[in-house]
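Given as structure tokens, the chain that follows is alone and in the form predicted alone.
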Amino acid sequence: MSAIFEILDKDAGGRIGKLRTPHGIIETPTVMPVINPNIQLISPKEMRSFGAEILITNSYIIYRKEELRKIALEKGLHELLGFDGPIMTDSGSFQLSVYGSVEVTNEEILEFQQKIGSDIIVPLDIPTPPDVQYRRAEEELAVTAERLEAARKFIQGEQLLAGPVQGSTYPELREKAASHLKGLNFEVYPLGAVVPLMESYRYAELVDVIAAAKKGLSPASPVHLFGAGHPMMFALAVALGCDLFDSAAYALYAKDGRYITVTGTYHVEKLNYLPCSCPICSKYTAEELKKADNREELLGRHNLYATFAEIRLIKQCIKDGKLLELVEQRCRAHPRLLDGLKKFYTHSPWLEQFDPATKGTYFYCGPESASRPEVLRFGKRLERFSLEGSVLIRTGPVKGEGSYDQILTFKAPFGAFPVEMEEVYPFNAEVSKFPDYEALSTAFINTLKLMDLNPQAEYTFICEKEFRHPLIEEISKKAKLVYREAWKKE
């Protein structure tokens, strides 16, 4: 744990942390509203009222406009924007990705950010877009590495330096880049050039990119997901270990008449009701909002309220040990987010090492829950159970169970475990009475493995008739199988 970033609470790969900057400590995860130095829909001075503790702006825009540049150099960045909290500055890499070139060198923009008093400085990296040829991604990554090494030597002192992780859509390059940067000891690690993935709803690939970078970094390093501004994907990204987000979406969507919610976006012209209770939605009806002279500003305000409400909910879920339940709920808002959730759980073996061993109550939310780290952890520890004599495996108490030497409870997706553990996390799980195929598959596989580890025991397995599944035949080969209705008649 570094002196710059302190982790306070954890759940899955997500964490609540404190990031120390020259202008104060911020609590993560959080969103940095993007401030356009030329056009401000909402004053930076007001951002704290929405929940913003830190802002982000573009130093290249300030550098290129003489009037802004003069004020920033004379009075400082914070005076220019009218915000006394931490401010991160981008270097012009976004403009580089859009226009192909910028009129500044890496050294010039680093020096400028340093002089104007940026709290988090970003070098001029090469934002390699998705789907380019591997050779191009590798070559541009090498240029980025040179620039970041130069930046690390140039920037010393209180100001934080960001080390962007690039590598296009090649997980091996992302992990390689992250491993290299870890040795240079940057204070923040942004994941760059991911906006095209989010804009095209390629969440499964985004998950692989984030996971690859995280695997190359120290678990104690703060990670910023560049350009992630829509709240419907915050929970998924936080669960992967992202700590900082930046949002221009609140303003860009407002300009286009779009109304943000955590489950998607509405066009305000199609709204008959406002499904929110923020100060804007409590004051205006849908019709009034549509016709308001300052509609764009009002939409921007609502969008910010919705954005930070989700951040607060995510933090509470981390505190309660329920982040993965929130992730699963949010990822059902869009089919492509569901793809991201399925890809997310392919990384369960990696996530399991960070996921706390004890929490509150495990809630089964759907087939993907069968792949959660808690279930994986149980499956890896079955050898700890020693079974002998007559063993009853049942889904709930049954008549005559006292005549057995040992009693196991069967609960999908875990499988069979000693009845004494029923109130212990995660076996105190809230699950459906009639489990789905995926839950039963995992539970039966674990139960069969437990039987194989203890072949000397004699098993009786009592379950509901609805538990019919291809693997039930394998169970019946190793145990006396009786359905609960038939057992009641004996």
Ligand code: GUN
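Quantities reported herein were computed from a predicted structural model and do not represent experimental measurements. From 1 onward, residues are counted along the sequence shown.
What comes next is about the form predicted in complex with this ligand, which is not displayed.
Subject >> Candidate spot Phe94, Pro127 and Phe226, all three touching this ligand in the predicted bound form (heavy atom, 4.5 Å) >> reply: Yes.
Original post:
For the chain seen here without its partner, which of 275 to 283, 189 to 197, 355 to 363, 404 to 412 has a heavy atom within 4.5 Å of this ligand in the predicted bound form?
Top reply: Going by heavy atoms within 4.5 Å, the stretch is 189 to 197.
Original post:
Can you check whether Asp90 is within 4.5 Å of this ligand in the predicted bound form, heavy atom basis?
Top reply: Asp90 belongs to the contact set for this ligand.
**OP:** Give a yes/no on whether Val122 approaches this ligand to within 4.5 Å in the predicted bound form, heavy atoms considered.
**Re:** Heavy-atom contact with this ligand at 4.5 Å: present for Val122.
Original post:
Quick one: is Gln166 in contact with this ligand in the predicted bound form, heavy atoms, 4.5 Å cut-off?
Top reply: Output for Gln166 is yes: heavy atoms within 4.5 Å of this ligand.
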